[in-house]
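One chain comes next, on its own, written as structure tokens: the form predicted on its own.
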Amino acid sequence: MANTPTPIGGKYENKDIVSLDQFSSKDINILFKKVGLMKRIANKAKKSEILKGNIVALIFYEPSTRTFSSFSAAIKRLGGETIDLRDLERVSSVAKGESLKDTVRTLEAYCDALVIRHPEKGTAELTSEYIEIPVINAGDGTGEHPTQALLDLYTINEQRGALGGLTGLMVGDMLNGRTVHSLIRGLSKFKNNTVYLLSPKELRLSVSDREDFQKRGIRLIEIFSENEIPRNAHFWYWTRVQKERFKNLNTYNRVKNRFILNPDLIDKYAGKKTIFMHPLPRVLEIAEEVDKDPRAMYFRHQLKNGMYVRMALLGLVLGRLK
């Protein structure tokens, strides 16, 4: 069984990043203070040398567009290099039956850190026990997606000016959604936050997760109808119903488009400063007309913030930012 991940404790260098449970509010603020420098580096469109000489392996067992590209761009913006491994079960020695343990031990010989996405919950933490170099969780099944949560927290803080005293709405797959699991963990680090959870009954947050999160001090309120959406919330966080998590496609088809973010819903319940977020990819759960709304963050801010936050995180973990 995997051990409890090591807390950041104000010192990122050589730490594995596998869960938001490792972070305190102070740790999050330390990271965010480095993001401004990363923005300036990226906006100059000139390669930095902060990660010059570093090689990072990107090992993805699941499909990814944004997370893979964001990590790759973050490393290269800072002058580092990558070993890119995607679709491992088809194109690598995994197809020959090689174990995860042997794969990551092989990569450890060639690089300074490893970023992993895997369909099984807990795999990133397990990987961190196999190797000595830092491991960063890029999504582990229905578990967590810590770097997505960090960029989401950064976006909320950037737009709302605080991470405490917030009222938020999360919509979609609460049961399987690793992005919501990590974001709730992140919001629980700050005081007086309330989150409304809107999902089909089949995709409710598990009782154990709900009890665990609420022990951390965050207030969670389950709702099952758009009519229960609180007016003027600080943020709405929409997620897709994840087809790949369903064994029964009939169940998926029954719940996939239950809640759709559209202009009518916005006019009825959103405030003038409510921001609309989504970890992407979307399928049909956000109407394209919403993209033009200046409160829509998913293309306008979250994507770039993801690169900036990952730049800062990599610089800290590899000991190149102080």
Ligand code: NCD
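Being a predicted model, the structure only gives us computed values, none of them experimental. In this text, residue numbers run from 1 along the sequence as written.
Form predicted in complex with N-carbamoyl-L-aspartate (NCD): not shown, discussed below.
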property	result
Of 76, 234, 86, 240, the one that lies within 4.5 Å of N-carbamoyl-L-aspartate (NCD) in the predicted bound form (heavy atoms)	240
Proximity to N-carbamoyl-L-aspartate (NCD) in the predicted bound form, single hit among 280, 290, 30, 50 (heavy atom within 4.5 Å)	280
Partner proximity in the predicted bound form: residue 178 to N-carbamoyl-L-aspartate (NCD), non-hydrogen atom cutoff 4.5 Å	yes
In the predicted bound form, residue 148 touching N-carbamoyl-L-aspartate (NCD) (heavy atom, 4.5 Å)	yes
Close approach of residue 274 to N-carbamoyl-L-aspartate (NCD) in the predicted bound form, 4.5 Å, heavy atom	no
Residue 117, heavy atom within 4.5 angstroms of N-carbamoyl-L-aspartate (NCD) in the predicted bound form	yes
N-carbamoyl-L-aspartate (NCD) in the predicted bound form: contacting segment from 154-162, 140-148, 100-108, 182-190, heavy atom within 4.5 Å	140-148
